[in-house]
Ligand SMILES: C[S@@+](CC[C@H](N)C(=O)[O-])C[C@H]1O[C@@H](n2cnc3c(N)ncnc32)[C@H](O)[C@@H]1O
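Quick heads-up: it's one chain on its own, the form predicted on its own, in structure tokens.
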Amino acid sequence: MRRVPEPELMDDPAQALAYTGADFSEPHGMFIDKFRDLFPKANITGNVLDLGCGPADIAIRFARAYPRCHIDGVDGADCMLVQGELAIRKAKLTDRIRLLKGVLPDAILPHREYEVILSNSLLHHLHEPAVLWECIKDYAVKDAIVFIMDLMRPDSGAMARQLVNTYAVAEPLILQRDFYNSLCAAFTPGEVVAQLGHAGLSQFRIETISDRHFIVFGQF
């Protein structure tokens, strides 16, 4: 199936509410678990960058898992940031998580370097995927940990629809629509390998971790 790009920003308030109310405990929990498995000795005490943070669920989970770090979350959608701020206040993590509006590659970040760079489900939104890899190169301190998780494009529209029916059938129709569109907009692992090679980041590894997710990880 050929890639069908979708809008880069989820800037519809209805999208933000549906996304915030959805049950992402399985994939988001997997995000944290895989990070721990891959970097079991990591002593994360510095600045962490979460690219495409959405309503901040990954940032909150990461802050709880690593209580000595501080996180800057960046997203281009105001409605997502509003939901994220509410969630951070509810989690009582306003002293450790800061959200900023910004769109790659023009986002202005508060720190020049980060010890950890995270991203969940941003890559498939990007019309030019190179901006993610260039941002990592611009902001990663030497030996920074990089951990990216994203959807991978299935072989056909029928397979995408089957994944929607398997994992989102109980969610609102707007979320089912967005999930289908995101699967069609996602990259294949092979395409991501080519992106990494072009960016000079071939030291990063890629691993398929579910029927719809892959991770990219390594140290800069």
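Keep in mind that this is a model prediction, so the values were computed, not measured. Numbers follow the displayed sequence, beginning with 1.
What follows is about the form predicted together with the ligand, which we do not show.
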Just give me the single entry in Leu99, Ile117, Ile88, Ala77 that has a non-hydrogen atom within 4.5 angstroms of the ligand in the predicted bound form. Ala77
Per contact check vs the ligand in the predicted bound form (non-hydrogen atom within 4.5 angstroms), the hit among 188-196, 51-59, 164-172, 35-43 is 51-59
Partner proximity in the predicted bound form: Leu122 to the ligand, non-hydrogen atom cutoff 4.5 Å: yes
I'd like to know if Val82 sits close to the ligand in the predicted bound form, meaning any non-hydrogen atom pair within 4.5 angstroms. no
State yes or no: in the predicted bound form, is some non-hydrogen atom of Ala130 no more than 4.5 angstroms from a non-hydrogen atom of the ligand? no
Looking in the predicted bound form, any heavy atom of Leu9 within 4.5 Å of the ligand? yes
Would the ligand in the predicted bound form be within 4.5 angstroms of a non-hydrogen atom of every residue among Tyr19, His28 and Val103? yes
